[in-house]
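For reference, the chain that follows is the form predicted alone, supplied as structure tokens.
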């Protein structure tokens, strides 16, 4: 049975000046991350601006990644405001041979937990694919404790959870209740904390350009070298602090551009990086990450 533990890059999406998907640059990014040692990719999630893209654009991205990712594990984020789109994307993921699907909880309308649960069940059952719950309350506005998450993990349709929260008490509770399920840490700056509370790995946005640091953190943790792992986490966090000063999404795109890839800018209504912020990235981030091979 395939192991799903490890480090998974939540892929950024490169755009041409006309706003089209830049397939060539996306292929380069996938290759760079494979060389950094990632286990696989989380496709069209928050980092990939998935919610801002059409279903056809997301299918195009899924196809590009499938064609160049080799035997890496692939997770398709299919969450959408229109549930019909989520089902279409899940069907596309299955046809392309993705390993699992994932979805953010339905948001904006403050759905009841019963409505959210039924959304996930319909998606999992109709797709016939392993389902990864995407728990990100800070953005979705949907808060779930150990009890609610357990209702999913107790069902064989659900393989695990992408846990993007600093509620490590809840993470520990679900790890204890479901030792066989997969838990991915979501906040890059808290990777080591997540591992300490039982995470099997991580899915992160800064992995796009420094996945090697997180591969190292997980390796050192597994060897019991906690202080060494903490030092690497501190290196990553110093970079993340710079991203936060600028705006994480737009800054990450600029990092890719300065690495020599042509990633363009984020979809509107995201803004753009200012000249002084480009200089900050060049000074405070670029010297501390691996160059493109």
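Residue numbers count along the first chain shown, from 1. Fair warning: this is a prediction, and the values are worked out from it, not measured in the lab.
Keep in mind that the form predicted together with 2-(acetylamino)-2-deoxy-D-mannose is missing from the display, and what follows is about it.
None of 129, 217, 136, 182 but one reaches within 4.5 angstroms of 2-(acetylamino)-2-deoxy-D-mannose in the model of the complex through a heavy atom, and that residue is 136.
This chain is displayed alone, yet in the model of the complex one of 240, 64, 259, 36 has a heavy atom within 4.5 Å of 2-(acetylamino)-2-deoxy-D-mannose; that residue is 240. When 2-(acetylamino)-2-deoxy-D-mannose is considered in the model of the complex, residue 148 lies well away from it, no heavy atom lying within 4.5 Å.
At the 4.5 Å threshold, heavy atoms of residue 204 reach 2-(acetylamino)-2-deoxy-D-mannose in the model of the complex. Under a 4.5 angstroms non-hydrogen atom cutoff, 2-(acetylamino)-2-deoxy-D-mannose in the model of the complex has residue 47 among its neighbouring residues. Proximity of residue 189 to 2-(acetylamino)-2-deoxy-D-mannose in the model of the complex falls within the 4.5 Å heavy atom cutoff. Only one of 116 to 124, 204 to 212, 99 to 107, 68 to 76 lies within 4.5 Å of 2-(acetylamino)-2-deoxy-D-mannose in the model of the complex by heavy atoms, and it is 204 to 212.
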